[in-house]
Ligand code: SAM
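Just one chain is shown here, as structure tokens, and it is the form predicted alone.
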Amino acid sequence: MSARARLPGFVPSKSLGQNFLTDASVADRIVREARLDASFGVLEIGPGTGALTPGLCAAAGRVVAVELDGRLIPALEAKLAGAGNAEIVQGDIMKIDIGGLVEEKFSGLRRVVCANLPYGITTPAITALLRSEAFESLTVMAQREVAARICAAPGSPDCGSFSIFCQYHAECAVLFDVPPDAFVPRPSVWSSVVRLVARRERAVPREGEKMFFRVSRAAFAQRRKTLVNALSASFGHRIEKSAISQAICALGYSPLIRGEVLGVSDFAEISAALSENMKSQEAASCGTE
């Protein structure tokens, strides 16, 4: 059944990345994979025509669905009229205070995300959701290549700074793939459902996070260079290249290693070592003044 048949006169927006899930079996499986019960409050992003929302309402204690396209709100509200635990919020998830929203809507509930994310905001939306630190887990559908990046192992072609960011915040796994014909309009790419479970313990202390992400981004910004050269290009104004090389070698890494083969724990070690080196260098500099 087409989106136009489901919503007479409605034309999906390409600019909003609207590809509506129409396969009920896929929707049911996504809800099951979210592992919900009445103790959970669920944030859904981009409910569209409501393929997931009724199932989420049946499984969870409360559902808040954030939809940007005001044209869809009346049909969504009509579809959920019998669900006393659902609320539709019109807005842009990229402009909403996510932490404030879940505190207001999900008091006393465990907080999770379950959504078929609009293609156009997949990466920034996941970034914002993880940064909010407001959820136990995210069970989301995304383009298959984005899901591969999220879960990529160190050294694989898909691994990059976004992989490190996601895996720093959560344990990540691809659950299953979804073909294009499960959507209307039919996208040109496959999708995957991925689950990100928030880590209880982080690889670095809170005060070291900024340095950790600076190092991982620098490593992948010039991924074909050695790690020493990539970090020197980014931090050379604060620490000499020879000192970077010595710090990396002292941890047991080859001076020729590339950042693309490293994982979260490796970047945690390296960022801590560089941070200590910079502090020592700054302290020595102050002592000579």
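Since the structure is predicted, the reported quantities are computational estimates derived from the model, not experimental observations. From 1 onward, residues are counted along the sequence shown.
What comes next is about the form predicted together with ligand SAM, which does not appear here.
For the chain shown alone, L16 is a contact residue for ligand SAM in the model of the complex, at least one non-hydrogen atom being within 4.5 angstroms.
Proximity of E133 to ligand SAM in the model of the complex falls outside the 4.5 Å heavy atom cutoff. Using a 4.5 angstroms threshold between heavy atoms, V66 counts as touching ligand SAM in the model of the complex.
Remark: I93 counts among the residues lining ligand SAM in the model of the complex, judged by a heavy atom distance of 4.5 Å or less. Of the candidate stretches 155-163, 201-209, 85-93, 103-111, only 85-93 has residues with heavy atoms within 4.5 Å of ligand SAM in the model of the complex.
The partner is absent here, but in the model of the complex a heavy atom of I121, alone among C172, I121, L175, A75, sits within 4.5 Å of ligand SAM.
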